[in-house]
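Given as C-alpha cells, the chain that follows is alone and in the form predicted alone.
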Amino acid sequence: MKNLDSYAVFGSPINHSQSPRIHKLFAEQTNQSLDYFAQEVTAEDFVTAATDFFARGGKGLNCTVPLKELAFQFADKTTPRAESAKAVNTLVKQKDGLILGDNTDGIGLANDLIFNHGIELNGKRVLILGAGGATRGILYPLLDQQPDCLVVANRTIEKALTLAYEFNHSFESSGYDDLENQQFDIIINATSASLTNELPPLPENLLAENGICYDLFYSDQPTAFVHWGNLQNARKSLDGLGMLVEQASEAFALWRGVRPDTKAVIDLLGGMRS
C-alpha cells in the first residue's frame, strides 16, 4: 500500500492548532489522500526537526510562532511575497528536491477581511500592533489595498522604525505611548500577547466609531484583544480563524494543486466553538 503524502505544522505552543483539522477537511472536500499532523517544535530545534521531516519524505510544512523567520532562512528559495516579508509560513518540497518558502498570511488576512467580512481597507486608517514576523507577512497585501494611512506600533519603537526602513517607509511607525489622541478605523493585533491572554498597552478612544478590531490569533474563547474590541464598541471584533483557513487554503493549493472551499470550513469550525 502506498504511503500517504505527509504534511505538518510546527510551532511552539502548538496544542491549540486547528491546522490538522482544517487540512483534513480540505482533503476530504477535494478527494485528496494525505496525512497532516501538528508537532511542538521550538526555535532551537527547528532546523533539525525540519531537516528530519523532509529527509523522511515530508512534502510540506506550515510554520507558526516562533518559527516563521527561521523558516525563511531554512528555505532553499523563496517567493516574492516571502522575500518581502522575510518570513515564511509554508514550506514546499519541490520535484527537484529543493525547499520553496512562501508566505500566505497576508493574502489570507486580506481575503478574510474583504471577501468573508465585507471590510474595505481602501481609504481607511489602519493600525497594526507589533513589528515582528506576523506583521511582516501581512504588510504588502494590506498596503496593496491603499489605506489612507497605515501605522505599525511596537512596544520598542526602534523595531517599528527598522521595519519601516526595510519597507521603504511605505507606512508610519510608532511606539504605543505615541498613540494617544489618535483614532483608527481598523486595528489589527499582530503581537503574540493573545497566546498568554494579555493585551498590548492601548490608550482609550483608539478605535474610531464603527471601527473594526482583528486579532491574527484565534481561540475557542474570545482573545483578550477581541474582548477589548467589544468593550470599545467595535462594529466587528474578530479573531484570526478566518485568516487561518484562508492562508491554509493558499498553502493547500501550493501543495496539492487544488483550491478548497474556505467558507464551508470556516462555517463548520465557527459553529463548533459557538
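Numbers for residues come from their place in the sequence shown, where the first is 1. None of these values were measured; they are calculated from a predicted model.
Keep in mind the form predicted together with a small molecule is missing from the figure; the text below concerns it.
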key: Close approach of residue 122 to the small molecule in the model of the complex, 4.5 Å, heavy atom   = no
ask   = Just to confirm, residue 113 within 4.5 Å of the small molecule in the model of the complex by heavy atoms?
value = no
key: Contact label in the model of the complex: residue 72 to the small molecule, heavy atom within 4.5 Å   = no
query = Closest heavy atom of residue 156 to the small molecule in the model of the complex, within 4.5 Å or not?
reply = yes
ask   = Considering the small molecule in the model of the complex, which of 83, 144, 198, 76 comes within 4.5 Å of it through any heavy atom?
value = 198
key: Residue (of 36, 26, 225, 217) lying close to the small molecule in the model of the complex, criterion heavy atoms within 4.5 Å   = 217
query = Where does the small molecule sit in the model of the complex: which of 184-192, 164-172, 91-99, 114-122, heavy atoms within 4.5 Å?
reply = 184-192
